[in-house]
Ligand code: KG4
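Form predicted alone, single chain, as structure tokens, below.
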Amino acid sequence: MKILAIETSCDETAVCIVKADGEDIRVLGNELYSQAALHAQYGGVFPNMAKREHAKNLVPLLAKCLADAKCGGESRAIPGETKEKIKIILEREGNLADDLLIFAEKSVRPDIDAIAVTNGPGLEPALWVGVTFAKSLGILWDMPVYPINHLEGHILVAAIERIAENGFAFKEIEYPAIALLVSGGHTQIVLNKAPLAYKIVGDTKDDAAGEAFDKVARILGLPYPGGPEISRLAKKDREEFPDQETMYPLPRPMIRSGDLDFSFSGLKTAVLYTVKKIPKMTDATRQEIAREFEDAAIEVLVLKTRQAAIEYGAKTIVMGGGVSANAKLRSDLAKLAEELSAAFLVPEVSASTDNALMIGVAAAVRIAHSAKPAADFRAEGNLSLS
């Protein structure tokens, strides 16, 4: 089965075509446009700008993806009624309807079996562009459309391993599994007792971990996106001063709360108060604070994951989301899994941030478990995994 996947939940516009054959996944085409540089001036994602950029880039990315995938098909005239439906669906998405219809009139109906699209959670203006685009393609090509939960994509893409340049195979997940989802918008611990069965057992009460990384980076005068910059400085400090105790100790919020919830707002505020007390910020001081902040955040994430894994007898620990690219967090969770004799699943770094491959993988799993396509669904910014 060939699946066209679309992801527009935040500031990454992504289109991917995968071929699912049993336990094997082959990537036929995979395109992504990052808006990070455009949003850097705001220190974070500006939703209306993200929406506009998605609408501008979806058709070019689709065209490139189809060309790479060589999904030839049959020529079809586009009935006037179909054109009108597409114009109505995409009426709030700038020139997207015109761009799509111009492209469609010059191309063929591709040899694809289904369309999958992120319908939440995420920024609703950004999500709506992808959802309406997918629905329009479904009408244009007479194909089923599957709404996919963004967070499920982060979990399931961790369960594939590369076996060739563009080929992956599913790893067997032993249940129960505990998934740590950690990104700019979410920090959750999810209990996964069976395939596609999820229960959120831990959540953040305020800022997500990735959001805290970005805000702390801003306090330290580092560029957006801040997470990689924090990690770069923290790594440098560990290499230069492996045994040095910090002069700027920070709290480990909720580390002894007894539950599986998180709170990172206080940690961010502690950094702010610390910085305000420093007469002159130097590169060395900035580096040391970055290290202490990363150590504090990761210590809490790992301890809570450990607590959940023991409480629920996890045989597998999964990590997903943009912050899963963090090298120290990956290393510390791998050690935890080894300590608990559990398998550890984490996506390739390139598949950790938002991408369409994970949406295609999630769709393939759902279809294999007899999921039905949907004609009437919405973009849901607060869509829950359980």
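Keep in mind the model is a prediction, meaning the values are calculated, not measured. The first residue of the sequence shown is number 1, and the count goes up from there.
This protein has a second form, the form predicted in complex with this ligand, left out of what is shown; the following refers to that one.
Looking at 171 to 179, 268 to 276, 136 to 144, 203 to 211, which lies within 4.5 angstroms of this ligand in the predicted complex, counting heavy atoms?
So the stretch in question is 203 to 211.
Contact residue in the predicted complex, from S183, Q287, N149, T132 (heavy atom within 4.5 Å of this ligand):
Residue within 4.5 Å of the partner: S183.
Contact residue in the predicted complex, chosen from A337, L66, A325, L345 - any heavy atom within 4.5 Å of this ligand:
It is A325 that has a heavy atom within 4.5 Å of the partner.
Would you classify G227 as touching this ligand in the predicted complex, given a 4.5 Å non-hydrogen atom cut-off?
Judged by the heavy-atom cut-off of 4.5 Å, G227 is in contact with this ligand in the predicted complex.
Distance check, N192 to this ligand in the predicted complex, heavy atom within 4.5 Å:
Judged by the heavy-atom cut-off of 4.5 Å, N192 is well away from this ligand in the predicted complex.
Does T316 reach this ligand in the predicted complex if we count a contact as any heavy atom within 4.5 Å?
Although this ligand is absent here, T316 would stay clear of it in the predicted complex, with no heavy atoms inside 4.5 Å.
Even though the partner isn't displayed, in the predicted complex is S231 close enough to this ligand, meaning a heavy atom within 4.5 Å?
Looking in the predicted complex, residue contacts with this ligand include S231, since a heavy atom lies within 4.5 Å.
Heavy atom within 4.5 Å of this ligand in the predicted complex: which residues of 354 to 370 meet that condition, in order?
Only D354 sits within 4.5 Å of the partner.
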